[in-house]
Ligand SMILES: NC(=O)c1ccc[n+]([C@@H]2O[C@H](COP(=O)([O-])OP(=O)(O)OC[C@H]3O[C@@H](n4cnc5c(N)ncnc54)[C@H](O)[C@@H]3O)[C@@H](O)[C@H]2O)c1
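First, one chain by itself in structure tokens, the form predicted alone.
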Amino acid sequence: MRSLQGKAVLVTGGTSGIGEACTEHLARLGADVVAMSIQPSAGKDLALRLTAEGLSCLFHHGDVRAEPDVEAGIDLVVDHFGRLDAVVSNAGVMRTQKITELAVDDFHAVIDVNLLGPALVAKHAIPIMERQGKGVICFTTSVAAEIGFPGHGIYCASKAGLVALMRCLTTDHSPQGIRFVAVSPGTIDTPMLAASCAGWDKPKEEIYADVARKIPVRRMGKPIDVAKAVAFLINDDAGFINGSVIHLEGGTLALPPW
């Protein structure tokens, strides 16, 4: 794979879990990275740690639900590095509830972060990439877009909607030189996953061990597994991958239903 040296990249949700791994991995591959999130302390610490190692990373405190924040994050990349080569649209949230227990505020929280946020990212990144004649937007969806996870109807719907959005963007804007791709993680060891274990009658470690035994590769994924796939997808070596979803789930989708 070619180096990402000189590639200017925005990573939303870039200070925790998969997003943090993407920020760090892309920076280590030579990219100029702006990590955007609503975690100011974690973001500043991450940027300081990477720059202390001689890597290129800035932090932008912003919420993907707020259009001015998204626009400011993209502007920061362009103003500081002169271009916008890629966006990793990764910010996401999860709520657990059956539809009969739906709280409307939770519905808006999930849809606004998981679907509106990526739409706003695309709205403001695409014109810049069209002027450049080149660019990549990589979305973080989920196998939840294809599997009916119990108690996660709105989350699953938000991720399925994101896949549909990605494919429509491909038909609308790829002729202008922009590629649109997505990574679809399965069970990844992240703070979001750990939080979903709250309230269970088993400790997190036991739950994780049970899950790992059910995955064909016999382990859960790590954020770096996803970050490595993202790095390839935004690289020029992946230039013919467009409108595609790359699954990172250790073989889970291949399992029979019995």
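Keep in mind it's a predicted model, so treat the numbers as computed, not measured. Numbers for residues come from their place in the sequence shown, where the first is 1.
Below: the form predicted together with the named molecule, not depicted.
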Heavy atom of T187 within 4.5 Å of the named molecule in the predicted complex
yes
So in the predicted complex, does any heavy atom of D32 sit within 4.5 Å of the named molecule?
no
Should K159 be counted as a contact of the named molecule in the predicted complex, where contact means heavy atoms within 4.5 Å?
yes
Closest heavy atom of G250 to the named molecule in the predicted complex, within 4.5 Å or not?
no
Candidate site A8, S56 and A86: all three near the named molecule in the predicted complex by heavy atom within 4.5 Å
no
For the chain shown here without its partner, which stretch in 124 to 132, 100 to 108, 151 to 159, 168 to 176 has non-hydrogen atoms within 4.5 angstroms of the named molecule in the predicted complex?
151 to 159
Partner contacts in the predicted complex for 65 to 92 (non-hydrogen atom within 4.5 angstroms of the named molecule)
R65, N90, A91, G92
